[in-house]
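One chain comes next, on its own, written out as structure tokens in the form predicted alone.
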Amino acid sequence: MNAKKLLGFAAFLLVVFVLVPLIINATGRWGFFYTLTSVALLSVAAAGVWLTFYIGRINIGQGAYALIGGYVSAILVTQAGVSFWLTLPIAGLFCAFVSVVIGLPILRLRGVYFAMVTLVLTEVARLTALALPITSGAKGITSIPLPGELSLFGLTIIPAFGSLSNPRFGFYIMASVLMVVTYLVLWRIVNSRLGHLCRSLQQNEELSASIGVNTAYLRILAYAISSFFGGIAGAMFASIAQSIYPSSFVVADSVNFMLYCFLGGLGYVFGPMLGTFLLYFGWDLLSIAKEYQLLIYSGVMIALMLVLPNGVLSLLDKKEGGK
């Protein structure tokens, strides 16, 4: 990163971890912590969708992995007594494993064919959750305990959330840290040799294969990382809500994850984060339109895609180009 980008990143951290909590504490609007926590976790799941776009695949199935991750964490915590902090990576790794099994056949598809298959995955995950006894069917899993203490060599790193005076603030910090780490990992992947190889798949997969690039391996790896992000986001959602149901993540959520990427910009690592923020609060602001909310929302989305086909962050390129 150059000095300008480092300064911008430092300013972002200052706003997220210092300024926002101070404003919320000053105004007493504690419920806003939950809202921002949701935005942070949705952006983590959207980061995974962005990565599949980066290899030239339209992924509309991220909701399936978020649902699977939520159930894996909830089952381990409530039925096996496993610490939430241990279930977080387990949920992500389990989703990555499932994505490898599913991805081996479907990642051979491209364009709308791959998109349609992934669109079905969320509904398959929902119906599976309804049918399996371990997931308690339509009743879901409730009364999930709050995350306990995380300690290392007797030193408390994270206190038990039940002992906090304001658990919502604890979840906000946890979700924000996860969001920052996720996008730093994503940025590092994109700017590594692996990222350059993945970009070659997006531009010309046949040419990449002809010069010796293992395209099948790259597709599977990118899809597994994408699903890992979805799994940990779902696990955290289940912990925050202290419940998980088959309807916790539906097809509409998978479509929204894709829209977050489109709005922010597919050519920008931090595009999904901005897109999540704009769409989440934009939808809430349009609630004043009542029955016209969806109509206005759809019209604005269409207009933005026509005016800014490369996403909102493309405005920065136009600004720099005009100097």
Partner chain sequence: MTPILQIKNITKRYGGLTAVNDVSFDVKAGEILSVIGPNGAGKSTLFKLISSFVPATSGEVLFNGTRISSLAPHKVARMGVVRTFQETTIFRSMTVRENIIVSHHLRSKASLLGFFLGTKQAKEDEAAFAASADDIVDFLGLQAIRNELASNLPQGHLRALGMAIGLATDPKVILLDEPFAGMNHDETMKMVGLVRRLRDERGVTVLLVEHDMPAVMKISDRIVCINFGQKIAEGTPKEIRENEKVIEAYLGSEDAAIGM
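Predicted model, so just to flag it, every value in this text is computed and none were measured. Residue numbers count along the first chain shown, from 1.
As for the form predicted together with the partner chain, it is not shown, yet the points below apply to it.
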key: is_contact(L194, the partner chain) in the model of the complex, heavy atom dist at most 4.5 Å   = yes
ask   = Does G212 make contact with the partner chain in the model of the complex, using a 4.5 Å heavy atom cut-off?
value = yes
inquiry  = Within 4.5 Å, heavy atoms only: does S143 come near the partner chain in the model of the complex?
reply    = no
request  = Report yes if any heavy atom of V250 sits within 4.5 Å of a heavy atom of the partner chain in the model of the complex; otherwise report no.
outcome  = no
query = Candidate spot I102, E123 and I134, all three in 4.5 Å heavy atom range of the partner chain in the model of the complex?
reply = no
note = Only hit among N166, T128, N204, Q242 for heavy atom within 4.5 Å of the partner chain in the model of the complex is N204
remark   = Residue within 4.5 Å of the partner chain in the model of the complex by heavy atom, from A160, L221, I106, M174, is L221
request  = Please name which of the stretches 195 to 203, 151 to 159, 75 to 83, 231 to 239 has residues with heavy atoms lying within 4.5 Å of the partner chain in the model of the complex.
outcome  = 195 to 203
